[in-house]
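One chain is shown next in structure tokens, namely the form predicted on its own.
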């Protein structure tokens, strides 16, 4: 059914809970997120009204560095980077422009970048981080839970870190009891909030 180790939907209306379990699976499948969630607990109480989702994430793909998609070739007064995958070219150029200045960075074609007069070791260039896949993951995760939460639950609060996340929404203002509710749901999964 799912690749999630722990998955529970707790609802004051049992039939509603079954529907939300299927909705959650469908949305997470559509957003290709089932593979990254380790544990997930959802709580819905339409009488309060409140929707809570807390979860633990699996280890996320490592950072993307220049060495992962480009070869750095040092020459006299310049370094030529041969790009094998254009996916991260734009963020790499932005980093180079900020770090070295636009006048030291040239892109003669889509597979070549030349750095002129930069006093940096080629190994240091190879180690520059150009993307963190977890940033997009969290945006996708929050978007998915906005889709899963009941229609009209517009008051929201999201928190996320490297290993865990929480999402709470309601029709009403969220109070201090929201934090207690989130903590309680983490404990039900056997995790600390």
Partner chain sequence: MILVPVTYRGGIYRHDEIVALIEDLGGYIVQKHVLAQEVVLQCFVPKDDIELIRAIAKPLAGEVTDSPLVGTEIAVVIPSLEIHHLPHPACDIAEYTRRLGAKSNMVGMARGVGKRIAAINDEERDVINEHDIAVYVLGNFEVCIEHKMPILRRGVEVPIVLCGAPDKETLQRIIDPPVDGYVGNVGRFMHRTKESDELAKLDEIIAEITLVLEKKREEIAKDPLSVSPARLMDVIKEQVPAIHEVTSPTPLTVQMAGLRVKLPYDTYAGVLKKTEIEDGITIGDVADIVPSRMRDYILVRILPFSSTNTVI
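Just so we're clear, the structure is a prediction, and the values are computed from it rather than from any experiment. Numbering follows the first chain given and starts at 1.
Omitted here: the form predicted together with its partner chain. The next part is about that form.
Quiz item: Should residue 57 be counted as a contact of its partner chain in the model of the complex, where contact means heavy atoms within 4.5 Å?
Solution: No, no contact at 4.5 Å.
Quiz item: Contact between residue 26 and its partner chain in the model of the complex at 4.5 Å, heavy atoms?
Solution: Judged by the heavy-atom cut-off of 4.5 Å, residue 26 is in contact with its partner chain in the model of the complex.
Practice problem: Report yes if any heavy atom of residue 147 sits within 4.5 Å of a heavy atom of its partner chain in the model of the complex; otherwise report no. | Solution: Residue 147: contacts its partner chain in the model of the complex.
Quiz item: Can any non-hydrogen atom of residue 178 be found within 4.5 angstroms of its partner chain in the model of the complex?
Solution: Output for residue 178 is no: heavy atoms all beyond 4.5 Å of its partner chain.
Exercise. Could you tell me if all three of 5, 8 and 162 have a heavy atom no more than 4.5 Å from its partner chain in the model of the complex?
Key: Heavy-atom distance to its partner chain in the model of the complex: none of the three under 4.5 Å.
Quiz item: Okay, which stretch from 46-54, 66-74, 129-137, 32-40 lines its partner chain in the model of the complex, with non-hydrogen atoms inside 4.5 Å?
Solution: It is the stretch 46-54.
Quiz item: Who in 164-178 is close to its partner chain in the model of the complex, meaning a heavy atom within 4.5 Å?
Solution: 171, 172, in sequence order.
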